[in-house]
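Starting off, we have a lone chain in the form predicted alone, written out as structure tokens.
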Amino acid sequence: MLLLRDIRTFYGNIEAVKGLNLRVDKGEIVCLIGSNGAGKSTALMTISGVLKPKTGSIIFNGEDIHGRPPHKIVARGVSQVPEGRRIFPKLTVMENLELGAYSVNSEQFTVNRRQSTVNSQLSTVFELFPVLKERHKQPGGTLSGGEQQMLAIGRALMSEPKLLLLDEPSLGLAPIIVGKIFKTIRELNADGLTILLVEQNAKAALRLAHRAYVLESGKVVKEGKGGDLLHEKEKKKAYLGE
């Protein structure tokens, strides 16, 4: 579904991603792990079009999306849940979710199909996160951290993505909420959604992932099945913090 070839992304003169190659197959959960500054979030921002790589190609479902603006990439089926959630705190829960469906408002949708699609996605989000339905009139900023993370995921799902990019979904959350978030990720994948996950909790991510890539200083230094990397002794300190 997704193939990155020789991606190099810079912040000014600083090369944050250095010749990145990776693939994500349909139906997989693939995780990127590594220390802070390894280039994980930069990789996701490059895929979603927020950052432009200087070299390389990004192939999504057979189409090179390198250089396309972010809203066009969302319309192709790639949606990102950013680090720190970045919901709109003064807008209601419902308004945040409706904004996530903006790509459905394109000319390719008739009015009836557009409304049907939005209603269907809302139903899916509210089934996953009943608390969002209960609080749909509340400003997003009044929600707890865990509820805001649910809202950020729900907002991303409103565009009917084929590939979901998740950036640090457990960051700053209580362990019980982290468990709920990872359970949701597993359920979404079981329903057929392909997921590329960046996660600070490497142990939990590797238990969840089909495959994983370990990044150091913008480069892949190891890749393999999630379970294999979890149990591997070599370089554990580099990506598991042990």
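Only a predicted model underlies this, so the values are computations on that prediction, with no experimental measurement involved. One rule holds for the numbers: they count along the sequence shown, beginning at 1.
Note that the form predicted together with a small molecule isn't included here; everything after this is about it.
Visitor: Is E160 close to the small molecule in the model of the complex, meaning a heavy atom pair under 4.5 Å apart or at it?
Guide: It does not: once the small molecule is placed as it appears in the model of the complex, E160 has no heavy atom within 4.5 Å of it.
Visitor: Would A16 show up as a contact with the small molecule in the model of the complex if we use heavy atoms at 4.5 Å?
Guide: A16: yes, in contact with the small molecule in the model of the complex.
Visitor: Since only the chain is shown here, I'm wondering whether G37 would be in contact with the small molecule in the model of the complex (any heavy atom pair within 4.5 Å).
Guide: Taking the distances in the model of the complex, the answer for G37 is yes, it comes within 4.5 Å of the small molecule.
Visitor: Taking the small molecule as it sits in the model of the complex, is E168 near enough to touch it, meaning that at least one heavy atom pair lies within 4.5 angstroms?
Guide: Close contact exists here: in the model of the complex, E168 approaches the small molecule to within 4.5 Å, heavy atoms only.
Visitor: Does every residue of Y11, S41 and E83 put a non-hydrogen atom within 4.5 angstroms of the small molecule in the model of the complex?
Guide: Checked in the model of the complex: all three residues contact the small molecule.
Visitor: Pick from 172-180, 186-194, 206-214, 28-36: which stretch has non-hydrogen atoms within 4.5 Å of the small molecule in the model of the complex?
Guide: Of the options given, it is 28-36.
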